[in-house]
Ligand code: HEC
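Below sits a lone chain in C-alpha cells, taken as the form predicted on its own.
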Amino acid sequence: MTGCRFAGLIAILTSVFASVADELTPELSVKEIMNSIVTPATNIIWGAYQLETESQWQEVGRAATAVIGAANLLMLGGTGEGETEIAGEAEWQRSNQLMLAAARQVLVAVDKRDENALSQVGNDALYPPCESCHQAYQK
C-alpha cells in the first residue's frame, strides 16, 4: 500500500472512530466498574503464585482481559457526578493507559507461563497506576 493510500485509510478510520466515540456514553459509575471488574480482576492477578494448572493460568489471563475491558470503559468516565469530565483529564487518561499497558504485559507473562514476569508486572507496572489513581481520585 502506498503512503498516500495508507494516510487516507488512517484518516477514514480516525473519522469513523471519532464519530463512534461521540456516541458512546457511560452506563456505569466508576465505582461500579472498579468494584465489579477491576478489583476482582486485579486481586486475581496480584494473588497469582505457584500456578500449576492450565486453568489457573487461564484465570489470570481472563483477569487481565477484564482489566483491559475495564480500562476501555474507564476512558469514558462514568455515570457518577463529574466522572465524564474527570475522564477528560490528562492524569486520568495517563493512569488508564498505564493500567491498560500493564494488563497487556500480564497477558504476555501468561502466554509465556512466566510466573516471575507475572509477579514483576503486577508489582512494577500494574500497582503504580492503580495506587496513583486512587490517591488522586478516590473519595
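The model shown is predicted, which means the values in this text are computed figures rather than measured ones. Each residue number is its position in the shown sequence, starting from 1.
There is another form of the same protein, the form predicted together with the ligand; it is not shown, and what comes next is about it.
- Proximity of Val38 to the ligand in the model of the complex falls within the 4.5 Å heavy atom cutoff.
- Taking non-hydrogen atoms only, Gln105 never approaches the ligand to within 4.5 angstroms in the model of the complex.
- At a distance threshold of 4.5 angstroms between non-hydrogen atoms, Trp57 is out of contact with the ligand in the model of the complex.
- Proximity of Met34 to the ligand in the model of the complex: non-hydrogen atoms within 4.5 Å are present.
- For the three marked residues, Met99, Pro129 and His134, a heavy atom of each sits within 4.5 Å of the ligand in the model of the complex.
- Looking at 51 to 85, the one residue that comes within 4.5 Å of the ligand in the model of the complex, counting any heavy atom, is Glu83.
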